[in-house]
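Quick heads-up: it's one chain on its own, the form predicted on its own, in structure tokens.
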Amino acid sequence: MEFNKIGVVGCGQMGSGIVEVAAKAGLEVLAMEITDELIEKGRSRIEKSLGRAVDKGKLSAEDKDAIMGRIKFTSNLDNFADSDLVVEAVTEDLKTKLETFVTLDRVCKPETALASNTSSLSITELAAGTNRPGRFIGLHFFNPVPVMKLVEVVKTVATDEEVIASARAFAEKVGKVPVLAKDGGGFIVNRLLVPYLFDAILVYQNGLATKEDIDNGMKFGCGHPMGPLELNDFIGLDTMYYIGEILFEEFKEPRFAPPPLLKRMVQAGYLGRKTGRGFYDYSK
């Protein structure tokens, strides 16, 4: 089946990006947030992103208006009843996501495919909270969504082949490169990335090198666009800690255990760029 009517639950940093790329691809998109204030924040985030594309000459003002015209907003999950695909992009919390999917499963038509943008939680566990495990899949976009080209398409043992094919086609339609992964902690990218980022924190914690030299070593020695401590700050130290806990719980391997320094920084409220301070000071 082809996904033409797209729903996105959550219009924060990730959700607004998914809304934007889907609308850019010519799809009708319904975005949901729980309050009018959050809806306006999501709308503003999308408009600013499109505005930057206009300023750079990558998009015309007319195209920007047409894209915004394909986006509708709601605060009621019941309005997703006729969607072909609904992508959940709410906070990375199992209980919140399960509650969202229980409601979506009840209100959506039987053919609707449900997807989660989770970066670390079990797709199988989320699907088990619905009566449509065959029409449930993971669609893990990367931040910032309008820029990053990858989408992890995550299948469970119960996902229908038709839904897998449709999800891959959707990812390609919105300009992304899909990679297919079986459901398992961290999927492909975070399974490989999290131990690397944690090792960088341990190197810094143990005094082997300064944070600047650690980051420069990986940028200029390995060609990475961003050093590992910079990347930790960009993702959010609280997010990294949470992902690490989930992966360690699943695999019980030391490489997935959040380093003590990361825990202390989260406790102190140093969460990275979003709070103005992490491994680096962004207040200026």
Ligand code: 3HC
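Note that residue numbering follows the sequence shown and begins at 1. Just so we're clear, the structure is a prediction, and the values are computed from it rather than from any experiment.
Omitted here: the form predicted together with the ligand. The next part is about that form.
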{"query": "Interface segment, criterion being heavy atoms within 4.5 Å of the ligand in the predicted complex, picked from 171 to 179, 199 to 207, 78 to 86, 136 to 144", "finding": "136 to 144"}
{"query": "Triplet Met148, Pro225 and Ile235 all within 4.5 Å of the ligand in the predicted complex via a heavy atom", "finding": "yes"}
{"query": "Of Asn190, Thr156, Ser166, Thr130, the one that lies within 4.5 Å of the ligand in the predicted complex (heavy atoms)", "finding": "Asn190"}
{"query": "Contact assignment for the ligand in the predicted complex, among Ile246, Leu27, Leu231, Met218, heavy atom within 4.5 Å", "finding": "Leu231"}
{"query": "Contact label in the predicted complex: Lys252 to the ligand, heavy atom within 4.5 Å", "finding": "no"}
{"query": "Partner contact for Arg52 in the predicted complex: the ligand, 4.5 angstroms, heavy atom", "finding": "yes"}
